[in-house]
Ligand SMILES: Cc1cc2nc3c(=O)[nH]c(=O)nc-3n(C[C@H](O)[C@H](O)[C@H](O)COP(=O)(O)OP(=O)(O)OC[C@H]3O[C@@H](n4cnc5c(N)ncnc54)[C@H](O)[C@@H]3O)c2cc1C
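This document opens with one chain alone, in structure tokens, the form predicted alone.
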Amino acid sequence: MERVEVAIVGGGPAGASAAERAAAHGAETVLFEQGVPREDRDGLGPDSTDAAGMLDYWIDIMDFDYREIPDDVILRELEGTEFIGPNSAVELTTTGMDASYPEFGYTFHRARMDDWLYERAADAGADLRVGTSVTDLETDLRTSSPNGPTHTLTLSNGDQIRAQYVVLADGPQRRITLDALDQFTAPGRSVSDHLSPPEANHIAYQEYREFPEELFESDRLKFWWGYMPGETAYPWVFPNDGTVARVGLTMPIGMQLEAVDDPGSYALLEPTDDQLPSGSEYITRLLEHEYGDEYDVESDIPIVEDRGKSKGTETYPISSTRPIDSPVGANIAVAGGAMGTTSAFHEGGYHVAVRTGKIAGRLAATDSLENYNDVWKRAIGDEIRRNVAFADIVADYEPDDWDRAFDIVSDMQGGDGDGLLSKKYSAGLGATKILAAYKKRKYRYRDGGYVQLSEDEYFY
């Protein structure tokens, strides 16, 4: 049986980053990724997709010098973002966070970024086996290995491989993670209680659309809040190269129209709906709502079919829950979307995936994986805590709530365009209530309280 020091399950940003760090620190490292085709990639690659926008301080969270990132990865430099409510809007021109990157952020080509991470991992000496997936993982807790438990991975071709350390980075779908971690849960309990994909994820859908030049806004992200029902459900537009933009949305999985209290208050629902619209229908309605008076959406803002996964469209899960600790006593680390890491309003998780992957790979290669849970909290804990607190505040927002919030934020900014994450405000009762609610929730999640399955709940 083949033996390696570090085996990595999944080849998204967390897995590729783990492979690069582990190999760079001298460990014999193999990464397994089943691989999927894309219209914008020549070969197979990771089944990992999101709206692909990067804020300034996220680059520091990834622990990259922004000058390392290849020019062809970055599509558009951003100067700000616009949050649009049913009757109110607010524009931000800074995140308010200290950052080395000199602009607000950028949009990027997801496949090129993924491929760059693969190049880094290969250059470091990692063995990247794209097209081979892992179907099962068993842990031997009673091994005679001086470094503790070992693992047997069964591959899709029937082969098996033995590894000292495993990094689970199989994304929000968690095909291997759930069963692998259930080896260490108490009888009658399952990690699925915390990370079952239908409950712990949102579903996202996006289309690549070619905009008329006069409509294309090249330097900002746009989000519409209170236009569709569901906890942190929203459409967006992200500018790409030329006049192509990604138009997408995120929404809870399996939500039914019957669960919506006031369907008539949502701009993207219609009185004749007998069920919630599909992702593609939502996007058509958004474009009609915004531009339909002057443009024929399908002919003037067409789908660009040579982009993305499939004919200019992509559907993918987004982790939308609180993270879990890893069973480091079993020599296993879980990284990225597989562990439940998320970002503001469940979007843009690339940066926390990269950072947790880097940490897991380095610690596995240096026989220090027992420190993983502490180290990732120090690296991204503040980010996770902020995001979970924000998501809690808006969980039950309806359209009118978004309008009130955006009016308050406009007052809070005082016209200087500062961001929301760290600015000190004094703008009346409304602002005071929002800040008090935010601080209360952040306090609730102090000392790693945002973790929903802690290390001491595993059994070895």
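One-based numbering along the sequence shown. Quantities reported herein were computed from a predicted structural model and do not represent experimental measurements.
This next part talks about the form predicted in complex with the named molecule, which is not shown.
Scanning 30, 408, 52, 27 against the named molecule in the predicted bound form with a 4.5 Å heavy atom cut-off leaves one residue, 52. When you look in the predicted bound form, the only residue of 208, 104, 236, 225 with a non-hydrogen atom within 4.5 Å of the named molecule is 236.
Taking the partner from the other structure, the named molecule in the predicted bound form has a heavy atom within 4.5 Å of a heavy atom of residue 337. In the predicted bound form, the named molecule sits within 4.5 Å of a heavy atom belonging to residue 316. Proximity of residue 39 to the named molecule in the predicted bound form: non-hydrogen atoms within 4.5 Å are absent; the residue sits far from the partner. A residue is said to contact a partner when one of its heavy atoms sits within 4.5 Å of a partner heavy atom; residue 365 fails this definition for the named molecule in the predicted bound form, lying far away. Comparing 167-175, 89-97, 269-277, 385-393 against the named molecule in the predicted bound form, the single stretch with non-hydrogen atoms within 4.5 angstroms of it is 167-175. Residues from 269-298 do not approach the named molecule in the predicted bound form: none has a non-hydrogen atom within 4.5 Å of it.
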